[in-house]
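Next up: just one chain, as structure tokens, the form predicted alone.
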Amino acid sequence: MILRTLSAALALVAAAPAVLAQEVKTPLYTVVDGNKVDAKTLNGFRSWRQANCAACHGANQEGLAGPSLVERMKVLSKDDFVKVVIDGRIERGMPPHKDAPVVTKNIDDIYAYLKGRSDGAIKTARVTGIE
């Protein structure tokens, strides 16, 4: 009986790492299991979709008519990101978004979402909230 109980306990301990959630927490975002994010990052994802950024940058942010944001976010500072998004880069086909409230009001959250994607903490383009 004791041996059977000990075996069951060891089996639970061995299986525990497989069922524990993986969490990545930074000052910008929190991600669990690669696709569950904190409320601000989820708002960034929703704002990204509402602003239709995927039309140029692709549904997975890996580029389409515009560049891959997964790669560009690795080298853009936050100030550069905000400047490009708000003022645009007309010569490269990027329109300004200074008159788009969904972008201007949520620029910090959009940045957090895209940094999470670029850093590899957010594994999928579509995310849900942490419950």
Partner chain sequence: MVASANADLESKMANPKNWAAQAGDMFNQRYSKLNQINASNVGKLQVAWTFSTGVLRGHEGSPLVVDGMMYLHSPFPNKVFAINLDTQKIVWKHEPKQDPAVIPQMCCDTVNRGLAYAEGKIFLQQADSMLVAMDAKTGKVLWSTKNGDPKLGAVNSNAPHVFKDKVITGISGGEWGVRGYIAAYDINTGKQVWKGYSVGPDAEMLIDPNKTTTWIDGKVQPVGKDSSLKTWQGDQWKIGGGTTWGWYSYDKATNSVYYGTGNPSTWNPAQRPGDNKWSMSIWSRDVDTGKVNWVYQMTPFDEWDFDGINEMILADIDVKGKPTKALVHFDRNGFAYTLDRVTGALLVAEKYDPKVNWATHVDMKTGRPQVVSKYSTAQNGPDVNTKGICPAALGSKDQQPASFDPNTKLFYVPTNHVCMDYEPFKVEYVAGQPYVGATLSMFPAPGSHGGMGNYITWDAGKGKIVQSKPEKFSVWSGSLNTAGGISCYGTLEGFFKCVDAKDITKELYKFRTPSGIIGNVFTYEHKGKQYMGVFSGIGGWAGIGMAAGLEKDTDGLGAVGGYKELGQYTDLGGSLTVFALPN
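Positions refer to the first chain, counted from 1. Just so it is clear, the structure is predicted and the values come from calculations on it, not from any experiment.
Beyond what is shown, the protein has a form predicted together with its partner chain; the following relates to that form.
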property	result
Triple contact flag 64, 90 and 99 to its partner chain in the model of the complex, non-hydrogen atom at 4.5 angstroms	yes
Residue 52, heavy atom within 4.5 angstroms of its partner chain in the model of the complex	yes
Contact flag, residue 33 vs its partner chain in the model of the complex, heavy atom cut 4.5 Å	no
Residue 59 within 4.5 Å of its partner chain in the model of the complex, heavy atoms	yes
Touches its partner chain in the model of the complex: residue 68 (any heavy atom, 4.5 Å)	yes
